[in-house]
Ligand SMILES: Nc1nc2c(c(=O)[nH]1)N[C@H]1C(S)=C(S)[C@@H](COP(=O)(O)O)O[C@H]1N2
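Given as structure tokens, the chain that follows is alone and in the form predicted alone.
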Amino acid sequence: MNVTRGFTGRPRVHNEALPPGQYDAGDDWPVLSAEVTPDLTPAEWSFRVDGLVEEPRSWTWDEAHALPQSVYEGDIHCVTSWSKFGVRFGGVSLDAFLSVVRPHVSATHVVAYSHTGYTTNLPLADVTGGRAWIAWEYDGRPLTPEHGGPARLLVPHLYFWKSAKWIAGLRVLDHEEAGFWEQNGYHARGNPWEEQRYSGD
């Protein structure tokens, strides 16, 4: 199992660890969702990657767990201004899934979609190279439904609306296609350090 630490390398106990406009949520982890929390069991969960790939593929819960396990240790930042330091998520690097399906050379973006229908768009570069995970554990315990369990997308270097809860799949594209919040005025990328909260930021 490999462990990926946060990308900023900044100390976690001083204000300079916070991106602009953020506050330290401490032990709190606010629950914010665009949709009602689904009643989704691991046995019902699946994850699919299709679109501009050589071999579209779906994974069951057990099949996903058979892939090499990976851990992220670092920080997360929500567009609503809270940040949480020193979190630990367990799951599988998204690279492990993408290496199976093999995106086309023309691929530039993905749309992540949830079992609830929620969508969010991301540049392919933001979900490859050890920067994104399918996560089903938090702090050594199963991820709870209100925080996206049984499994969520984790893209910790971007605002947390990009880390889609109840993840169901990715569509690989050769263009950008706005997701739910992006269609409603949020920024296409969402970099916390550049305060890319809303369209035009």
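From 1 onward, residues are counted along the sequence shown. Just so we're clear, the structure is a prediction, and the values are computed from it rather than from any experiment.
Not on display, but discussed next: the form predicted together with this ligand.
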query: Should A34 be classed as touching this ligand in the model of the complex when contacts are defined as heavy atoms within 4.5 Å?
result: yes
query: Heavy atoms within 4.5 Å of this ligand in the model of the complex: does W82 have any?
result: yes
message: Just checking whether W59 would be counted as a contact of this ligand in the model of the complex - the rule being heavy atoms within 4.5 angstroms.
response: no
field: this ligand contact in the model of the complex: S163, any heavy atom under 4.5 Å
entry: yes
statement: Note: exactly one of V71, A107, C78, A96 sits with a heavy atom within 4.5 Å of this ligand in the model of the complex, namely C78
task: Specify the contacting stretch among 62 to 70, 129 to 137, 142 to 150, 42 to 50, defined as having any heavy atom within 4.5 Å of this ligand in the model of the complex.
output: 142 to 150
query: What residues in 40 to 68 sit within 4.5 Å of this ligand in the model of the complex, counting heavy atoms only?
result: none
